[in-house]
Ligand SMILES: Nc1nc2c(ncn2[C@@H]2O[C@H](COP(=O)(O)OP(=O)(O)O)[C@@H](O)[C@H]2O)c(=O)[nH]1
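In C-alpha cells, the next block holds one chain alone, the form predicted alone.
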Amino acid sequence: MKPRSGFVTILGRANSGKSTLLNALVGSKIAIVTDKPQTTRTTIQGVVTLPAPKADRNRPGTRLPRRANQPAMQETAAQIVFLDTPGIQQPGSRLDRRMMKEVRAALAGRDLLLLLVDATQRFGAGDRAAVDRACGAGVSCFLLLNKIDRVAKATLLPLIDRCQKLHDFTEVIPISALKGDNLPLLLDRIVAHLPEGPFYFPPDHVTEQPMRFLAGEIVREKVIMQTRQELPYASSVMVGTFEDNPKLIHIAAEIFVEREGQKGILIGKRGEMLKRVGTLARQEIESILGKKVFLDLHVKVRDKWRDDSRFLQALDWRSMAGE
C-alpha cells in the first residue's frame, strides 16, 4: 500500500497534557513539561515515522526499528508530523497574544486535529474555547480524554456526552499520555485518517527545533519546577553560546526575569538556587546528548520583556535556526 503522511495539531487548554503526549508519541523529550500554565510558549514539532508491515520490509527504505508504541494493526508505512501548541487562554501580554497566534497558525492547513481534555478537571471555559477552535478549523478532529489512569471509568461517559454535544468528533479515544494507555490505538486511528502521500522528512527526523533551543527550554523547566512562585510566568531563557566540541559541549545561557526581587529568588542564598537549577538542567542535557556539558548560567533583569516584540522574536526557536 502507498505510504501515508500528514500534519496533526495537538490542541487543548493549559495543562491538559499536550506536551506529555507529544513526548510519548515521539519517544523522546522534545517539549518541556510542568504543571504550570504557559510552559509551552511556541509550536513544537515532533515527527513519528512508522515502518511498513513485515511483508514490505525487504523493500528499499523500509528497514526501520520497531517502535514500542507502534500500532499492531498498522497496514502501511506512515509519517505523522505532530504540532504541539500553547494552551488556549485569554491573551493579556504581547507574549500571550503571540502564543495564541501560534495556535491559529497550527490550525491552518492541517490534516487532523487532536483535542485534549483533562478528564480529572471540571470541563471549563478553557476547554470550551478549545472546542470552539476545533469547530472553526474545518478539519477532522479526535477527542482525547487524557489522564484516564487517574479517574474512574464511570466519570468519562458524562464528559464524553458533554463534549459530543458541542462538536461532531471523528473519533473519541480515552488515553493516558503519561502511562501510554491507548497510544498504540491512537496512532493506528491517526494513520487511518491521513491522506496518501510521500514522507516530508527523512525517517530518522524527530524535530526541527535546534538543540540549543531545547537546552534553553530545559533550563526554563528547572526554573519553573524549583522556584514554583511567580517566576514561571516572568522568566525566559536565551542561549548565547552552544559549542559542541569533541569531548565537551559548552553552553552559556541568560535567564531573564522582570524585577530585581525575582532575580534574588532565582539566585538564592549564596547562589544555591541557581546552582541547583544549573545542576538539574546540565544532568538532563547530558542524558539527552550522551556527552559532558559545561553549563554557564547568568540571571538578568529585563523589565516588561513579555511585551517586548523584538525580545520575543529573539526567543523564538525559528530565529535560532536562522529562519
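What you are looking at is a predicted structure, and each value in this text was computed from that prediction instead of being measured. So that there is no doubt, residue numbering starts at 1 and follows the sequence shown.
Unshown form predicted together with this ligand; subsequent notes refer to it.
In terms of non-hydrogen atoms within 4.5 angstroms, which of the given stretches 273 to 281, 28 to 36, 250 to 258, 286 to 294 touches this ligand in the predicted complex? Partner-contacting stretch among the options: 28 to 36.
Whether Leu166 contacts this ligand in the predicted complex should be assessed with a 4.5 Å heavy atom distance threshold; does it? No, no contact at 4.5 Å.
Answer yes if any heavy atom of Ala14 is within 4.5 Å of a heavy atom of this ligand in the predicted complex; otherwise answer no.
So Ala14 counts as contacting this ligand.
Look up in the predicted complex whether Ser19 has a non-hydrogen atom within 4.5 angstroms of this ligand, and give yes or no. Judged by the heavy-atom cut-off of 4.5 Å, Ser19 is in contact with this ligand in the predicted complex.
### Query
Would Arg220 count as a contact of this ligand in the predicted complex, using a 4.5 angstroms cut-off between non-hydrogen atoms?
No, Arg220 is distant from the partner.
Notebook entry, point to check: Just one of Asp132, Glu196, Asp244, Asp149 has a heavy atom within 4.5 Å of this ligand in the predicted complex. Which one?
Noted result: None of the other options qualify; the answer is Asp149.
- Query: Pick from Ala192, Leu178, Ile160, Met211: which has a non-hydrogen atom within 4.5 Å of this ligand in the predicted complex?
  - Reply: Filtering the options by heavy-atom distance leaves Leu178.
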